[in-house]
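Two forms, one protein chain; structure tokens for each follow separately as structure 1 and structure 2.
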Structure 1
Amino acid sequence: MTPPYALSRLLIYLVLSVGAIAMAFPFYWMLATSLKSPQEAQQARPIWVPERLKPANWRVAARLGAEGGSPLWGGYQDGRSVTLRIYTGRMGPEPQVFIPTAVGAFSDPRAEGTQIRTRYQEDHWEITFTNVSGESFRLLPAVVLLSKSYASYRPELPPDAVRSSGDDWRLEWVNLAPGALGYVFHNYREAWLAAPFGRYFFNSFITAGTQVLVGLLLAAMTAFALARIEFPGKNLVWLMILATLMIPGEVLLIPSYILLSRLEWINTYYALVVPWLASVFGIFLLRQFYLSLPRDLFDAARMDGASYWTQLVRIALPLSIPGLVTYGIFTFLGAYNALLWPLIVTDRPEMYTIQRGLQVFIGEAGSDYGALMAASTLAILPIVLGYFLAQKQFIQGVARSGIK
């Protein structure tokens, strides 16, 4: 007999939830890490909620950002002063403050053109940075050396890193004038500016978009002809398309690369798009669909003098929109998520697709896991957003691929 109803329901939900948590965890971890400072990310004990996600810090970040530039994105503009308070409760040794200079830089106008003033007020140290360099900067990094003789201390904005340095605590901020968004999305902004991600996205969308649009048209034309037009040689064509189905992708890598380099198409959109325009999968899918449409529909149109082209455009295409969407989603996913092909046919950053760019970025970012996870999040964002917009089509499209 079946176990008691309520208990079995509970069990179902329990198993499903445990599985769902395991499936979703990497996404949570990616998002959380992308909002962490390096020191937060590199903890032996994981930090579940990063400082940058706490609203109290956003307010301070917005104020500091407004002092240096704008409340949203911050900045350290010429002539502005940014003031940070560190609550210590009593007046002890004066903290030492400086702006870290880039390693190996000959001169650093930001560090040299900043007047730093520290004074004690009531219960806190007030540190004021004034930009007199005549230039504006995006970030204001700062280091404060605070004596360990203070029993407790609380800076308004939590430092991104706290280290021990002799008799002092070394408090480090990557950006003291971040603004609210600049604070939360620090890693995103830095990752975005570290590599031409805008260009990568553009390339990805152009490539995937062209593949979908042109590929759809070609597949629909071929499928329609194979399903609905009697022409000599049709069986031969069909046989050839069936034969193509057996060729695995790896076989094509080397010869296609040689072909493309003979054509001097390496590092062009042609190389990214043209070899994948004709899709046997799409032809199969749509042919099946057109075969299932009633014959009379087309015969009637033929009687009324509609040419085959008109039949295709006016009858077949509108009726096959579900199939077209399925194929379109698959093609877009495949093109957008591909790494191997862009890896082979592009070696100049201006032609990288987003996945190729991300792969290079992973190699370069080293141990900056915050920026790495931020870049990864950016790379998957368009597809995830698209999924939430067209959830039904995604699921149906994938499900349909399994039903033959």
Structure 2
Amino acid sequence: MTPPYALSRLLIYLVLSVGAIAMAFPFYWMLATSLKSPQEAQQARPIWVPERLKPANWRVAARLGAEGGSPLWGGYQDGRSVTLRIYTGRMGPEPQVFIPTAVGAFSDPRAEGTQIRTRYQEDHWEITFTNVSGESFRLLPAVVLLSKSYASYRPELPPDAVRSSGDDWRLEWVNLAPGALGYVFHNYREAWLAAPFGRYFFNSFITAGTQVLVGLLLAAMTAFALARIEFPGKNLVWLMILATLMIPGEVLLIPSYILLSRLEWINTYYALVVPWLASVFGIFLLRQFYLSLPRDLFDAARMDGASYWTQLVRIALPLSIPGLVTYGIFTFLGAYNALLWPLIVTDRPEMYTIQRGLQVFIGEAGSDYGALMAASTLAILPIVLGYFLAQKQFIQGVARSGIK
């Protein structure tokens, strides 16, 4: 290999690597944010490695979780005691500790049923929470007011937020008994429990799957008729179908809504699925595939007495699998990622799709970015897995259809 050739190859790989990193960065940022505490997610200074990703904190989280109920998922069970250590190096003003009450609540059984004891041991404060409420809880939130007179301090489990409160530092934890997995995947767990995401996923898969299956059938038959069947006015029909691509989708929203309202289909699967079953893009894509197939195959089939339906099922479809997979992927992505249309035709939570459900984490009081990114990660997982399973057919479909 000559030096100029080796240098050119090196430059090509370098450019491709930089491009790959640039494309992958938004995904890394989403994953990193999904593991951040609320304060880390909202800081102006970027946090590249969240505290919950540091192995040094996992052992502490596992110990606190074991004290509360489970070393993996934690908890705050009845009769258990959880002890947090804050290293200050010297004895100073005693920390003030309390369990915060949920916003809008007049009382909290965790706050009323918890005994809190603080004592100084050598170089650290020990804060012990004992559950005497008779109930078990999933989370143990806590707030510690530590005097600013301490030159330095180090809680064994990093707080989720540190704020200034007069002469004290206000240290906040959303869960002091997290467990190892509960600590790392706290946002994922809370996001899943914040809304009926199981129902949202079901609605998304039902609507997307129906659009793919029925849309494939309609597009395959229409494309075959336009590609292989001669009839009067075929070119005019094809031009009229292509002309519909110039109509903006937003123009059809109001007429479609009025029609569905008169049919009493609002808040039903019919409203989410039926308006999008026919796809001009799918017809165009499959027609290009059918035209690329040798005409001799269809002529031989006609000589053997095969009907058009037989030609479609026995010849065209088996040879057009890459195109069918490509169209199926595009249709699934469009239906699965749809937000505007479900926002218009659904107002009952049981009919929300996954994209509509992500709005749970966006409110007037602000956004919970950690939970939002965790929910977004869960939402894109099926798409990523589906692409890796069908990437070969997808690439072949794009290459053979002539789409650039």
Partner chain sequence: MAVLLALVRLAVALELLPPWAYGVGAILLLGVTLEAMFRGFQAALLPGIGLLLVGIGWGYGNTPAVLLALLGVGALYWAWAPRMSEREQASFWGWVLVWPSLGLLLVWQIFPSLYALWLSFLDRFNFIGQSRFAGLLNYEILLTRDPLFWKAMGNTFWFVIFTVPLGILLATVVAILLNERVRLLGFFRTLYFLPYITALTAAAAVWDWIYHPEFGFLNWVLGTPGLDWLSTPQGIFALAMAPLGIHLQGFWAGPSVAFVAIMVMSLWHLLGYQVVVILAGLQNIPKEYYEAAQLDGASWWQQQRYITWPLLSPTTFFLSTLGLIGAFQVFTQVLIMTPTGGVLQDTLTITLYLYNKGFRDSDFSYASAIAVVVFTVILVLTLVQQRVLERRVNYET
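We call the rigid core the largest set of C-alpha positions that still match within 1.5 Å between the two forms. It should be emphasised that the depicted structure is a prediction, and the values quoted were computed from it without experimental measurement. Just so we're on the same page, residue numbers count up from 1 along structure 1's sequence.
Student: Please identify the form predicted together with the partner chain: structure 1 or structure 2?
Tutor: Looking at both copies of the chain, structure 1 is the one that matches the description.
Student: Superposing on the rigid core, does the Cα of residue 140 end up 2 Å or more away between structures 1 and 2?
Tutor: Superposed on the core, residue 140 moves its C-alpha less than 2 Å between structures 1 and 2.
Student: Would you say whether residue 357 is displaced between structures 1 and 2, judging by a C-alpha shift of 2 Å or more on the superposed rigid core?
Tutor: Residue 357: C-alpha displaced by 2 Å or more between structures 1 and 2.
Student: Determine whether the C-alpha of residue 151 shifts by 2 Å or more between structures 1 and 2 once the rigid core is superposed.
Tutor: The answer is no, as the C-alpha of residue 151 shifts between structures 1 and 2 by less than 2 Å after core alignment.
Student: Could you check how much the CA of residue 304 shifts between structures 1 and 2 after a rigid core fit, in angstrom?
Tutor: So the C-alpha of this residue moves 14.6 Å.
Student: Please report, in Å, how much the Cα atom of residue 204 moves between structures 1 and 2 when the rigid core is superposed.
Tutor: Reported C-alpha shift between structures 1 and 2: 3.9 Å at residue 204.
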